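First, one chain by itself in structure tokens, the form predicted alone.
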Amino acid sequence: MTVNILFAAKAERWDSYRTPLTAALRAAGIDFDLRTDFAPADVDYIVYAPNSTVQDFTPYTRLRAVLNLWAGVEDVVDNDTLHVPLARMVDHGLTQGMIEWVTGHVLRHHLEMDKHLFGQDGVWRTHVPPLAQDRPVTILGMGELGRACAATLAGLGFPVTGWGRTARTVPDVTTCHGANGLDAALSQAQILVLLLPDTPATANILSADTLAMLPRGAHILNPGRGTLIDDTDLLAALDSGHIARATLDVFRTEPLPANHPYWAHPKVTVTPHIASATRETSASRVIAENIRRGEAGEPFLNLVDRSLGY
């Protein structure tokens, strides 16, 4: 029996996904029809981007699952019309991209590279940064991406502490959880990496009170979600010198407006939401495997817990 798969995303995404997704579905041995224009009642699976035109799932009466193209599901998880399994995107390309961005910027901050990149003023500065073993790093968010980044940084010799809602075990990484664990995780973080999901519980988790828990001179990296940081409080902490520098990849409004204070702030580096992008070829294999599982009656991968929001 032919499986009808609706690709619901922006037109440019269809142009880039059509070929690799077709190849992945064929390789998985699925008899399929992949289109952008099915009648809703004929659709078995939706390959989905939350910014697509599909917002009401009610007409999709035989829908078996929604397979998100993004790691983030905050724009769809609370949709009251969605009553089938929702899978978020977890794939090698996303994970490896995040590892590379986080590792690169942690090393940049650790080695204080900006002093040399932007301080070419004829002054011979002989300050030597500490070794990695003396630069504690804390990662807030110990999901798939957080654990992968923590393991990589620990392998480079950084003392790494991870924090999340639930206890996790990662070799060579100190893990904390719960409110008391957050205090402990922040208090020793010379470099803080934010990799939490966007949920009501994580909104503004970095605000005046929690910023004050960080050691003076701490550096902040946010490749997670823009809502994790109270922007006004971070700017104040940067201006006071309590926070030395911030590198931010995600924002409440994207693209970041040209008049936003982050652009002109001398202690802020803006990157345009590039820390972890979906790669079409590897993501297509993940989608095809989930459809194969659905047709075989096997459990879907990477299912979202709707009660937690991720």
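This one's a predicted model, so the numbers in the text were calculated from it and none came from an experiment. The numbering used is simple: start at 1 and walk along the sequence shown.
Note that the form predicted together with a small molecule isn't included here; everything after this is about it.
> Would you check, heavy atoms only and a 4.5 Å threshold, whether P223 touches the small molecule in the predicted bound form?
Yes, P223 lies within 4.5 Å of the small molecule in the predicted bound form.
> Answer for M98 alone: is it within 4.5 Å of the small molecule in the predicted bound form, judged on heavy atom distances?
Although the small molecule is absent here, M98 would touch it in the predicted bound form, with heavy atoms inside 4.5 Å.
> Is V250 near the small molecule? Define near as a heavy atom within 4.5 Å, in the predicted bound form.
Yes, V250 is a contact residue.
> Mark P136 yes when one of its heavy atoms lies within 4.5 Å of a heavy atom of the small molecule in the predicted bound form, and no otherwise.
P136: no contact with the small molecule in the predicted bound form.
> When the small molecule is placed as it is in the predicted bound form, are H110, A132 and V193 each within 4.5 Å of it, taking any non-hydrogen atom of the residue?
Zero of three within 4.5 Å in the predicted bound form.
> Look at the stretches 232-240, 71-79, 209-217, 123-131 and give the one with heavy atoms within 4.5 Å of the small molecule in the predicted bound form.
Only one stretch qualifies here: 71-79.
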